[in-house]
Each structure stands twice: as C-alpha cells, then as structure tokens.
Ligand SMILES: Cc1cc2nc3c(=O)[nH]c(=O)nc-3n(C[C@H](O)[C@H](O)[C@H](O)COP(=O)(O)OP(=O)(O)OC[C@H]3O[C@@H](n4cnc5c(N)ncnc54)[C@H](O)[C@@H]3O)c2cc1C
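One chain comes next, on its own, written out as structure tokens in the form predicted on its own.
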C-alpha cells in the first residue's frame, strides 16, 4: 500500500508518522513549510474539559500518545502535564462546569471541583474573584512550534518522504497529485489540509460548510515562573486563556472574536482588540497588569458549520480519507488523529469511534 498525506500540520505529520511506523510507503506533501500553518499559530493547549462528549475517546487516545511523545519522536516537544485549571466567575459558568463534569464522567473524564479557598491555596494569584474552578490534573500543554516538525522528522526516519513548498496544481482519483515540482502517485490519499480541506473534499463531491478565521494570540515579556497549569474560563462566551512557558513568557488568547482572514489567505492579529483581551487575561492573573506584550499573531483555521471536525473515509471515493476542520481545538487531538487515521487506512477499521465526524453528515 502507498499513501499520500496532504498537509504538513500536526494532523498530517502525525498521520504520516503512524503510517510509516506501520511500514506503509508514505509521502507527506505541504505547499509551504512543515508545521508553518495553523499548527504554529496554536495556543498549545492539551485539554479534555469542555469537549464534545463523543470526542473524548479520541482525546483520551491522544493524551496517552502525548505522554509518550518524547520516546516516540526522539525529541522533547515540551509536553508538560501541568494540569488544566478552568476558573468560574458566575452561576452560569458553575452550572456549565457541573453539567459537563457529570456528563463526562461516564466517558472517562473526572474533573475536580475547587472552592475559592482551595484555588487560593493550590494556585495563589490566579482568579482571585473566582467563585469556583475545575481542575484536570493530567492535561497540560506542548510547544506548537516544535511538534509538527518533530512528527515529520520521525516519519522520515521511519521511511516517509517529506515534500515541502510544493504548490498543488491538480488532484485526481487514483490518486495522482500534481505539484509545481513533481507528480506523485499513491493508492490512498489523506486530506489533512486544514481550512483548505473543504475545497479538496468538494472536488470529490463532498461539500462541507466551512469558515476561515483566526485566533487572536499574544505573548508577554519573560517573567519569573509562577503559573504552572494552563488556565482558562468556564463561560458561554469567548473566555480568555493563558499559560506560562518554562522560559517565563506568558502566552494568552481568547476573550475576543476571532479575526477574519484577508485576501492573502492569512489571518492577522488586530491590535485594536488587545485592550479588551488584556482586561480578560488580567482577571485570570492580576499580576500581569503591568507586563509588556512583546508580540501578537494569528493563523488561518477552518471552522466547520456544526463546530466538529471531519474525520474518516470519503463516502464518494474509495481510498480517500479526510482529517480537517478542527475548529480551533484540534491541537490536543493531533497525535490521536494521526494514530486513528493510520489504523483506519491500514486495517479498514478504527478502535476509537469516529462516527460523529463522518463527512456524510453534510450529504443532505
């Protein structure tokens, strides 16, 4: 069997790695540089709380792989299971958390509910106005700048071919991928092209409603390391989130609407939104009130109409598979998606349920 994987973000690189580990002839093709698209714009959050419940088996599978990432990849991608703390500031947020915690328990996720005194004791300086919080101790974060290249390099060591900066001119069933540099052939094709995935699916008669937007991200100057967990908010609105990296910088995002993507296909951070964003961030960690922001950025992400990704086999074209449209919350799922796709392609089945993510849900 031979496979072409289109898209060198985390999903594509992980898929190529797990295919190559199975001894399958794999070619990974990206129109730019490996890991330079939406993955590198990610916050790096590895969380299971707040997810669509049928997504939890895939999230559990992925977390097990995150815990083995350094051994699997031969390099540290800065995965740290520091825990995921979600603060609650009102009764609506508390109800959201308790309902999710109750519903998620049968799916294998146990959240700790923390009272204000316990938040202050365990996480001093975080959310002083919070009325409660949830804590998931096994979750955490990783470095989005390192992880896709690490998967791709490990895939190459396992026998995969990496092709970068290859603009795709045509894709034909069978499968032939014609690029500006070379023409490639394989028996299977995996569409991991992020927000461009819907256009490829449409070529094969599988339209998917998708909108392209970008997160508003920023990072502060280095500070003494005081914030251990990833911090977020339980809210029906766009909640803020932050984490402190080991070098001391605090990465933050959320709290404002995602930015639109320009005619150049890129998402650009909007400095006018920064004051509102920082007000929300400071509510999580008041010590950041007088800290300098040294950089802002964004990246184009695909948001599917129903808020869920497309994962699985094509319904129109044998040998075609999709994994795209992760709606801004795919980073945690990346290793699990790659492993699940490799299993599905190699064996025709997958031990992790993927039915809710079938592309046929849009067929009507």
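Model, not experiment: these values are computed from the prediction. Residue numbers count along the first chain shown, from 1.
Another form exists, predicted together with the ligand; not displayed. Remarks below refer to it.
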| query | finding |
| --- | --- |
| Contact residue in the model of the complex, from 32, 57, 319, 305 (heavy atom within 4.5 Å of the ligand) | 32 |
| Heavy atom within 4.5 Å of the ligand in the model of the complex - the one residue of 217, 132, 186, 77 that qualifies | 217 |
| Segment that reaches the ligand in the model of the complex - one of 191-199, 154-162, 105-113, 85-93, heavy atoms within 4.5 Å | 191-199 |
| 4.5 Å heavy atom contact, residue 62 and the ligand in the model of the complex | no |
| In the model of the complex, residue 42 touching the ligand (heavy atom, 4.5 Å) | yes |
| In the model of the complex, residue 38 touching the ligand (heavy atom, 4.5 Å) | yes |
| Close approach of residue 330 to the ligand in the model of the complex, 4.5 Å, heavy atom | yes |
